[in-house]
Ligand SMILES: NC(=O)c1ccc[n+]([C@@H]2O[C@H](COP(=O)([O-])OP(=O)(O)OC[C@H]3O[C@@H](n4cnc5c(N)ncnc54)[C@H](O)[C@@H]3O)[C@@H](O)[C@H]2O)c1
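Let's start with one chain on its own, the form predicted on its own, as structure tokens.
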């Protein structure tokens, strides 16, 4: 695991944070950050062995309650049971982080029905199901934070029609949740990562990676800790007057092209 700075070691003490897609990559980085600040964690993923390893590591490193449950975010029965069991165990889901996502890139004419459904279902339907399941409890308690993951690709990207549709859908879903939750003390925001050092990025060939990195104004890829920093802020009490926004964490790549 990465070394985590602790600027707010007790910021999430007494809070429960639920994270999807938490076994590796960005999900793991965020889980580690929230745990380092005292949060109890309810983690889900479809990779049972990796999830169990992650939960054990976080418990040992930070001494906070951590549950790891295998849940398919596209199945409402499983999602509802996860949220209900988390609320029963901890009294609340204070923060929901919708991080689960997959890619099945291809040109539009080569995207199969199955690849379209898989990407949209995991990223967008999964976020909807989790938010719907957690929303009632947040509303009744008058407090909640929902952080969902979009991507720099939400504005459009070649060969990713399914992924772009899902990630732009996250932006729309976030804005709707922000409006519906505002009067109940619930905020909803999205994070749009750029090129971050994750297993997904590692699968990219070197030439494509180098080409994209040169387009980043800061000229380097990001670290999962950069994303965890943004998530930990948006999910905090300090961000209570921020809702319905998309936070780009991308080294400036979303700003646009430069003549240089």
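Since this is a predicted model, take the numbers as computed values, not measurements. Numbering follows the first chain given and starts at 1.
Keep in mind that the form predicted in complex with this ligand is missing from the display, and what follows is about it.
J.: In terms of non-hydrogen atoms within 4.5 angstroms, which of the given stretches 211-219, 191-199, 33-41, 55-63 touches this ligand in the predicted complex?
T.: Careful reading of the contacts points to 191-199.
J.: Among 117, 87, 105, 72, which has at least one heavy atom within 4.5 Å of this ligand in the predicted complex?
T.: Exactly one residue meets the criterion: 72.
J.: Which one of 135, 82, 128, 163 is close to this ligand in the predicted complex, taking close to mean a heavy atom within 4.5 Å?
T.: Among 135, 82, 128, 163, a heavy atom within 4.5 Å of this ligand in the predicted complex occurs only for 163.
J.: Answer for residue 174 alone: is it within 4.5 Å of this ligand in the predicted complex, judged on heavy atom distances?
T.: Heavy-atom contact with this ligand at 4.5 Å: absent for residue 174.
J.: With a 4.5 Å heavy atom cut-off, would you call residue 46 a contact of this ligand in the predicted complex?
T.: So residue 46 counts as contacting this ligand.
J.: How about residue 24 - does it come within 4.5 Å of this ligand in the predicted complex, if we only consider non-hydrogen atoms?
T.: Residue 24 belongs to the contact set for this ligand.
J.: Mark residue 181 yes when one of its heavy atoms lies within 4.5 Å of a heavy atom of this ligand in the predicted complex, and no otherwise.
T.: No, residue 181 stays farther than 4.5 Å from this ligand in the predicted complex.
J.: Can you name the residues of 137-151 that have a heavy atom within 4.5 Å of this ligand in the predicted complex?
T.: Heavy-atom contacts to this ligand in the predicted complex: 149, 150, 151.
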